[in-house]
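Taking the form predicted on its own, here's one chain by itself in structure tokens.
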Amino acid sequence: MTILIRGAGIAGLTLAHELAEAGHPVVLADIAASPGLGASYYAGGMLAPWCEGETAPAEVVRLGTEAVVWWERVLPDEVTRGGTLVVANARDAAELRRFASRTENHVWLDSQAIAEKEPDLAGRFSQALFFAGEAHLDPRAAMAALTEKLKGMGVDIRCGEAAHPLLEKEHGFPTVIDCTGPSARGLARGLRGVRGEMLVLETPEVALSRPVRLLHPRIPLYIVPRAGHRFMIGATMIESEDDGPASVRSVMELLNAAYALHPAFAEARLLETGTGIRPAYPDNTPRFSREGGNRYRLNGFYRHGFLLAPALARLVIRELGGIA
């Protein structure tokens, strides 16, 4: 039986892979011009379950521990397993101790060990937490690679105008799974949008091998290295469904935090600002539910799309049983 997946963000792409790998014919449709747009496009790409455990429910940590292994199996060339470094300025040392008390699977590093991990941060921080089991990827590159892999596996991908006829006649499919993220607001009970903002900077003056989280009482920052001397900087989580351009305040706070991590970021080129609306349920954990008849919904990944999508895709297959 052919399964129709509505929505080609990270949830839809990952689910399509697992279903196709299990031998099921899959059609993946999205009204966007190509797969991987929407909230997934602005993601940080950190596969960091233990760091997320500082604020996320225990279930997120448990499910997220599967992510690194899945991504390394499916797209090994896209994943860097270098761990995560968490630092704080001297005046915010209490934030680092608090973070340590709320997380696990980390070790404390002194200034010398920090310099060994990240030479460009030498002398800037006296203590850090290192989460060796974590990893990261470039979301845009990973979704493009996953799209090409799906095509090779026989998944029928329709985007833009080509998707509309399929979506208008979705009742003709024996199973339909809606993975449309924030577009399902108003259709999925309790689903809301949470605004996130990000920057992309470019500078050859800073080199990082892994994501670095800078703790701050007001706006904790994460910075993720990308190819070509580029860095994705993000952190904001705003209870708003406004998808307009990034605010001046947010951009200034992100840039100030980047400068606090390393002064060389003051001379970086600001290549991109972006905003994304993340789909979230009240408990900020994703759900798979039956909407009636042959229709199901997978949604609510909040800020954990790349981290939780593999585990939720396998959950879908188990829940559907003999249907999928």
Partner chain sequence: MLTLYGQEIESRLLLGTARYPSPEILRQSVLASKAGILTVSLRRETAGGKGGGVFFHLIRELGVRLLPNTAGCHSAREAVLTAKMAREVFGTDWIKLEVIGDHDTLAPDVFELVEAARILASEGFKVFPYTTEDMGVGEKLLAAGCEVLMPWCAPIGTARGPVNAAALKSYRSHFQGVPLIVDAGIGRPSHAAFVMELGFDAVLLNTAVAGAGNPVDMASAFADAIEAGRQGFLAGLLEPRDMAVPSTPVIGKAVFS
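Everything numeric here is computed off the predicted structure, so don't read it as measured data. Residue numbers count along the first chain shown, from 1.
Here the subject shifts to the form predicted together with the partner chain, a form of this protein not shown in this document.
For the three residues H24, G152 and T175, a heavy atom within 4.5 Å of the partner chain turns up in the model of the complex in no case.
Stretch-level contact check against the partner chain in the model of the complex with heavy atoms at 4.5 Å: of 41-49, 64-72, 279-287, 28-36, the positive one is 279-287.
For the residues A132, I238, A141, A162, the 4.5 Å heavy atom test against the partner chain in the model of the complex is passed only by I238.
A heavy atom within 4.5 Å of the partner chain in the model of the complex is found for one listed residue only; from R192, R226, R210, H106, this is R192.
Although the partner is absent here, R91 lies within 4.5 Å of the partner chain in the model of the complex, judged by heavy atoms.
At the 4.5 Å threshold, heavy atoms of P76 stay clear of the partner chain in the model of the complex, well away from it. Of the heavy atoms in T55, some are within 4.5 Å of the partner chain in the model of the complex. At a distance threshold of 4.5 angstroms between non-hydrogen atoms, D242 is in contact with the partner chain in the model of the complex. Applying a 4.5 Å heavy atom cutoff to the partner chain in the model of the complex picks out P217, R218, I238 from 216-238, in order along the sequence.
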